[in-house]
Ligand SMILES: Cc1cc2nc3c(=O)[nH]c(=O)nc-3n(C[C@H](O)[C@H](O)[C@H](O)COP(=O)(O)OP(=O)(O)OC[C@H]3O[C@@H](n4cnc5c(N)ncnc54)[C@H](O)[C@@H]3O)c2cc1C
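Just one chain follows, in the form predicted alone, and it is written as structure tokens.
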């Protein structure tokens, strides 16, 4: 299937909204204290944080802000399972909790909505053994999902609190209601972050310029059109495109530090209640958004021929969604989307300075959790700009990913 019925164009990648001024014709400055390569969710948060700190910054994107994978459809902000707690799960919990205030701040600044709601998540339990596992998770959540007096729950019920969402046939052993999960509109959030930069004084945005090489020793980025810019520090947040740029700075590696993974999603014109919880079952996500549309996805394809075209794999997800929620049977598909997500070699996000070039800092690789953790990873990247210790799990550090790739 192609994208002929996709109103956002080939690949389903959205334009930045009218509130953001497109600046493809801005002349590239000769230098900047901070250069950020990539204007997706990671690079946008880094630019917003740099603006707040008053750092003279140039944000450069190969296309338009928010047009890549960050311009997708889902926006599911789901926590890890509350069992086997570790530093990575704690970091994600803290990030998902603090995102609520971050979104409120950026909405107040711009007057725009990010489509954020903490509506929770429902997980059907079709088999009896899944209920036993879920009951153990109830105790785990009681222990770990408590922060500063705010407590979130992992309820196990006999039936869904929202009849038909999902169909009772999928809940033979009950259903989990997680009260911590939330959702956001990916496009509205990236649009709002981009709009906030328009009101600032410290960040210059240059669009339509692809980086071809980073010279860490000289402190200079070279671009595909032959131009270049000198930097004090460079944050590399160009999604999967960040991997080869960083690899070129390193000694020969046995394998790449990351790869693109294709994801496909769709949008149904469903007229759904936007306060409905997310639905999740065996890799299928259903996310009701503020206008009543329901986003569904997604595939995870490590091998593919056409990165920005949808195919039968997506149609199979649509049919699964309609079986899970029969009221969606006649909801038309109004958009089909495909994009490439950055998956680092050790799967975890990738952040931190290059061990041989401390002025080059990675900020990528969030894979399926980027929208929930990008704001805290951006803060960590800016800590690295200032030479501070990064408050992230050790497995997130660029140095760790390089070590894994060299084995």
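These numbers come from a predicted model, not from an experiment. Numbering follows the first chain given and starts at 1.
We do not show the form predicted in complex with the named molecule, though everything after this point is about it.
### Task
Assess the spot marked by 265, 337 and 341: is the named molecule within 4.5 Å of a heavy atom from every one of these residues in the model of the complex?
Yes, the whole candidate spot contacts the named molecule.
### Task
Go through 164-172, 322-330, 231-239, 104-112 and give me the stretch that gets within 4.5 Å of the named molecule in the model of the complex, heavy atoms only.
One stretch meets the cut-off, namely 231-239.
### Message
Please determine whether residue 75 contacts the named molecule in the model of the complex, using a 4.5 Å cut-off between heavy atoms.
### Response
It does: once the named molecule is placed as it appears in the model of the complex, residue 75 has a heavy atom within 4.5 Å of it.
### Query
Within a 4.5 Å heavy atom cut-off, is residue 294 in contact with the named molecule in the model of the complex?
Residue-level check for residue 294: no, no contact with the named molecule.
### Contact label in the model of the complex: residue 205 to the named molecule, heavy atom within 4.5 Å
No, residue 205 stays farther than 4.5 Å from the named molecule in the model of the complex.
### Message
With the partner left out here, check for me: in the model of the complex, does some heavy atom of residue 368 sit within 4.5 Å of the named molecule?
### Response
So residue 368 counts as contacting the named molecule.
### Task
Heavy atom within 4.5 Å of the named molecule in the model of the complex: which of 132, 199, 210, 248 fits that? Just give me the one.
It is 210 that has a heavy atom within 4.5 Å of the partner.
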